[in-house]
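The data below hold one chain only, encoded as structure tokens and taken in the form predicted alone.
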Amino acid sequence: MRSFPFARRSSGPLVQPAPLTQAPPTGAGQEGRAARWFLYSAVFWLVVPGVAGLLMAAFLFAPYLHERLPLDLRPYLQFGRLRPVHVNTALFGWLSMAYAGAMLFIVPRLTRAPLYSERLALVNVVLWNVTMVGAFFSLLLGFNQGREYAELAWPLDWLMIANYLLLAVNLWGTTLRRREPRVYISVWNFMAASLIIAFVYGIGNVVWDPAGALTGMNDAILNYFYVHNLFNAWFTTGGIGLVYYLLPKLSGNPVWSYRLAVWGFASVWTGQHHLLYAPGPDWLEALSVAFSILAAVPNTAFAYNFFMTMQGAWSKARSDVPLRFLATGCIFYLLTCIQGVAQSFRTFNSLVHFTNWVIGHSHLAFVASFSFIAFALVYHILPRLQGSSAGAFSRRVMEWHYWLTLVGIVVFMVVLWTAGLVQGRDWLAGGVPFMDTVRAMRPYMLLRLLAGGTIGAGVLLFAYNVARTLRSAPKPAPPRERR
């Protein structure tokens, strides 16, 4: 099998050779099993936050619907319990497990070495699912530490850290035994993301204290250090590594500049800009705003590299649905970065903070951006793990999945951004009764519910396509009888 040009050859020490596309040497025939189960699990955990999100959207539009539920279910299906279920299963179930499965598939191929330990990876996927089952039931039962993105109970925090560390051991161990002399940028991203996130998660969740929190402003500062660096250290660093693997594969073009890819590897600390106008240190707020603006450097490098690599491949995106998902996700990622910088300025932050605008922004990052990238990687990787070169079960279903999800998420975000500006205007103007603003949100909440239902239909088609791809995979040949 011919080599695939992941990066252009040119002068300079940072140019990366072309990693080969053949699978690494296999051991006992179980290579890729854990990666498959990570992806299967990710798709399952995508459905869970989808259902929780639709229930919440329905309650926001028509709160009386909660009173129509059976009395025994009402405590478990209230907004305050559904919201952390929605967030945690989406971030740590769907997205994180899709990332883990993709990394376990990609790293052996880029290093031309077998996975360090398939058995350890299988333990990892089982432990991760145990963690998510524990998160689902404990949050519904009300065991919640009450900190954004850090709601999991103390024992589950330690299991989550163990999950990340087990993944890091496999990725680092495979890379250290590599047969490819140089390390491609995606591998650097995966190694960094899998290791740093364990420390960020542990610090942000205050795991040295079973209470899981500090007190007062100190706790708020630590919480938002964690919130934003969960995005930076794990989802962004790992996600960009996935893009630099998938983009050359799907577009047919080498990465335009490996040097720019290295620049895009850099990241910056942010977090305190979530707490502007709070009683925190002014110097910390100013430093965080400065770092948020500096994030334009790696983001611009990534953007330029992406558009230059896509030269001549845009027409291919019309027929190649995974490439279209990937390109759309990258464009939404760039919009996320632009919006994030804008929100770090005090004047604009004072308008949109504590409004629906922020919910729209988080969905721009985690649904429109990273989930679209994850859809592309599942469609590309899963058939290959199943031993099929034909792709997903149905291209037509992929098309419906793409358009339903795209239309749904765009309407969802525009509605919430508009609602947020209305809320911010009323609150800054003063004199507008709070309940008048709440009542003004009703038509926006209806549109949010309808848009969420459209996204949900796309997700169900995605799950159906994955299930049919699994069922239609070629069966292994039976062992030959001895004579």
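The structure presented is a predicted model; accordingly, all values stated were derived computationally and were not measured. Residues carry their position along the shown sequence, with the first being 1.
Same protein, other form: the form predicted in complex with protoporphyrin IX containing FE (HEM), not shown, and the subject of what follows.
Residues L91, H273 and H361 are all found to lie within 4.5 Å of protoporphyrin IX containing FE (HEM) in the predicted bound form, as judged by heavy atom distances.
Between the options N205, N305, T236, N163, the residue in contact with protoporphyrin IX containing FE (HEM) in the predicted bound form by a heavy atom within 4.5 angstroms is T236. Only one of W256, W400, F225, Y149 lies close to protoporphyrin IX containing FE (HEM) in the predicted bound form, with a heavy atom inside 4.5 Å, and it is Y149.
Only one of 113-121, 164-172, 100-108, 362-370 places residue heavy atoms within 4.5 angstroms of protoporphyrin IX containing FE (HEM) in the predicted bound form, namely 362-370. Protoporphyrin IX containing FE (HEM) is not drawn, but in the predicted bound form it has no heavy atom within 4.5 Å of Y184. In the predicted bound form, protoporphyrin IX containing FE (HEM) sits beyond 4.5 Å of every heavy atom of G424. Using a 4.5 angstroms limit between non-hydrogen atoms, Y201 is distant from protoporphyrin IX containing FE (HEM) in the predicted bound form. The closest non-hydrogen atom of A419 lies beyond 4.5 Å of protoporphyrin IX containing FE (HEM) in the predicted bound form. Contact annotation for 399-431: a single residue, F412, has a non-hydrogen atom within 4.5 angstroms of protoporphyrin IX containing FE (HEM) in the predicted bound form.
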